[in-house]
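Taking the form predicted alone, here's one chain by itself in structure tokens.
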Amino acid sequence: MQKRILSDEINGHIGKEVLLKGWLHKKRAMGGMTFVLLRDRRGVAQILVEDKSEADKLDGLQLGTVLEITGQAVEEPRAPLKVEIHEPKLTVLLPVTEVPPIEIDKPLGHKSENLDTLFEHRVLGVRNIQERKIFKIRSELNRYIREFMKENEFVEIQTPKILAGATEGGAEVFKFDYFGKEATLAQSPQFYKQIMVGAFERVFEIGPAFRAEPSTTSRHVSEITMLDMEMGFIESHEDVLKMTEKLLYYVLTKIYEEHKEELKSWNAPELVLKPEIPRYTVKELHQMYTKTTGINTIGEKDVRPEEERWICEYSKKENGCEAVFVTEFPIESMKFYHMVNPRDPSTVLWADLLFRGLEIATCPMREHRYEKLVEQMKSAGLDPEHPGYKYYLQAFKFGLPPHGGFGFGIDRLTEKIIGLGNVKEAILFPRDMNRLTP
């Protein structure tokens, strides 16, 4: 049986007969000849069909038809891969006769008014060569993350996404019936990754998280993919920030080094990054933004989206780095498991990582002392005796070292790497308050 050759391997078989299998990606007739583009997982190959009886096999068939083609590999500078298949014999493995609702051989619209159409036809749209690049880059991003984590002795874990209650707090959770009991979808693996510090010291997870946010903005979705990390035996919050910036620098430089052509085809912004990411406190950012723009944000407990965009542009220009840490959030913003800043009890040891104007990660140090944690839970109006906290607190009662970590948005980082305008464009099948399909 003849071995199948993939599109990017044809150059190594000039002058030989090759067997190709794939999808009919495009066909056009010119002066008695038919040109066929056949798509496979590596790219597209061009086939010249001069025999009318072979060309007739495609009559009435639409894009997506599954084909097997044998023919001679011939050099052709004008072909996509500088090689073309001549004297082909076509076998239709699976015919498609219905006209597809979108033309996948042409660029797909990514303007805001076209996004509903883009997502509605995502099943076919991802067959578009340009669209595939988004998700190839996303896949490679995950690979580089895992490489970095392994190199730094992190153990990959998988944690439950069905929980007994919204133990992290907040009303933006999905609730559902679980065999007669109320359950929620996990907003993050927060408690579990802290628990696992007691076993492995360093752990991470790449997985889904669910937020019932009634929002249709370009930065929010209901189902997100997060990289969550937790590391024990840290000396200070700075250890968490150092690990975060090392990860960011590693994965971004790898992406930009090894996927130049894909990024160039999307007109992705040039990477402006340094190994050490500049740090600004929330207080400093508010003061700088207020002084520059005249818009007073001094005293606000959070950072506005416009401030995030402003500080990244400022840092890109002044520091040569378009990533920024915003540190020392006011204590009014803290969650019960955060550690209060011992140098300034009005702030928390929590930083946000911003990249190209968007929050990519939250990077806090945790409160690891059992008695102090219980005290902070009570101050937040939470009941430490609640069954949902029993096993979490057990880990602290029996010894957790100083630790911290981050929740890192894979969707948002992919969006910003490529230069897309909406986080949903970086998600295969996005979910928001208006979309449950496909």
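Since the model is a prediction, treat every value here as computed from it, not as a measurement. All residue numbers refer to positions in the sequence shown, first residue = 1.
There is another form of the same protein, the form predicted together with another copy of the chain; it is not shown, and what comes next is about it.
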Does another copy of the chain get within 4.5 angstroms of any non-hydrogen atom of V197 in the predicted bound form?
-> yes
Heavy atom to heavy atom, is S265 within 4.5 Å of another copy of the chain in the predicted bound form?
-> no
Would you please decide whether V66 lies within 4.5 angstroms of another copy of the chain in the predicted bound form, comparing each non-hydrogen atom pair?
-> yes
P101: touches another copy of the chain in the predicted bound form, heavy atom cutoff 4.5 angstroms = yes
Determine which one of 295 to 303, 208 to 216, 81 to 89, 265 to 273 lies within 4.5 Å of another copy of the chain in the predicted bound form, judging by heavy atom distances; exactly one does.
-> 208 to 216
All three of H286, K317 and Q376 touching another copy of the chain in the predicted bound form at 4.5 Å, heavy atom to heavy atom?
-> no
Considering another copy of the chain in the predicted bound form, which of E75, E182, E332, D344 comes within 4.5 Å of it through any heavy atom?
-> E182
Of these, R28, K372, K397, K52, which has a heavy atom no more than 4.5 Å from another copy of the chain in the predicted bound form?
-> K397
Going through 122 to 146 from first to last, which residues have a non-hydrogen atom within 4.5 Å of another copy of the chain in the predicted bound form?
-> V123, L124, V126, R127, R132, F135, K136, R138, S139, E140, N142, R143, R146
